[in-house]
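Coming up is one lone chain in structure tokens, specifically the form predicted alone.
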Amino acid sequence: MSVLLEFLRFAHRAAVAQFTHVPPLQQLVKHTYQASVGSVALLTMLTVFAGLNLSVQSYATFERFGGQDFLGMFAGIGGVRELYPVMAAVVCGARIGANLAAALANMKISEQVEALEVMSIDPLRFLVAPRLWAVSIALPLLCGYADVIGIGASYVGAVYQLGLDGGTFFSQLKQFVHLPDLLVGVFKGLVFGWIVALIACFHGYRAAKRDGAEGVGVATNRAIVHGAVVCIVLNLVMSWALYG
């Protein structure tokens, strides 16, 4: 309970630092680039296989009652609403969160944070706020990118592996998948990005000098695990709120 209260206090201070000051442009661009471009290769590879698997699994189910033509609808809605936002959050969030936690933990253990405080510089505004903004920008972009790659992979799997008609696939996609569905996925990416960055910064920021190098590993591990669990739970809550 004490850790939860500490996290809530940190979240409040970080939100105040983030939304009351404009982050330095150079820092914002640097962290956004690292979070977004640095995750593209990993996200592309995993999303391609996820899209192909979504086609194969849904085809096997729809084939039982002759509903193969609905594969485009299922692959589109299931992908853009649920699968690809969660995948971007968990996979890329784990990578991004690990980097954030490790960087801040190193700064805390090497007393760089204390040095900023001595110079009357707010560490949350200088170190945490730009990272929160950067990941909040990067993850929605990654979700949109994952939607395109995932749907393309599902199309390739459906048409070239399973022999479905490409026109029927896109017809189902156009009929059932609309802009609000895409915006839901992007909105989830925004929420997940902020939460992942906040959790990672919290664990990195609370590392103590006495923990040494082991403290960096502990902070990184906690950031990955807690970020993934919270994103999955939040996805369920948001899906209930939107579609329940």
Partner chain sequence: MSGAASLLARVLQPFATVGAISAFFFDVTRTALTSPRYVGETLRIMWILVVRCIIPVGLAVAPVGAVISLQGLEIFRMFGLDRMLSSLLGTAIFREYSPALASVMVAAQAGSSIAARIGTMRVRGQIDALAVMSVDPMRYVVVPGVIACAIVTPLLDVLTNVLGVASGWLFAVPLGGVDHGAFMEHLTAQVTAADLWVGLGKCVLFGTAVGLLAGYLGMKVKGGAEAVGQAANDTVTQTIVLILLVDYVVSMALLGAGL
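The shown structure was predicted, so the numbers you read here are calculated from the model rather than taken from an experiment. Residue numbers count along the first chain shown, from 1.
Only in words, not in the display: the form predicted in complex with the partner chain, which the text now covers.
When contacts are judged by a 4.5 Å heavy atom cut-off, R95 counts as touching the partner chain in the model of the complex. In the model of the complex, the partner chain stays beyond 4.5 Å of every heavy atom belonging to W133. Contact annotation for Q161: at least one heavy atom lies within 4.5 Å of the partner chain in the model of the complex. In the model of the complex, R210 stays away from the partner chain, with no heavy atom inside 4.5 Å.
Contact annotation for the candidate site: V37, Y155 and F170 all lie away from the partner chain in the model of the complex (no heavy atom within 4.5 Å). Just one of L28, L190, L182, L52 comes within 4.5 Å of the partner chain in the model of the complex, counting any heavy atom, and that one is L52. The stretch that touches the partner chain in the model of the complex, counting heavy atoms within 4.5 Å, is 77-85, out of 108-116, 138-146, 125-133, 77-85. Shown without its partner, the chain has F176 as the single residue in segment 174-202 with a non-hydrogen atom within 4.5 angstroms of the partner chain in the model of the complex.
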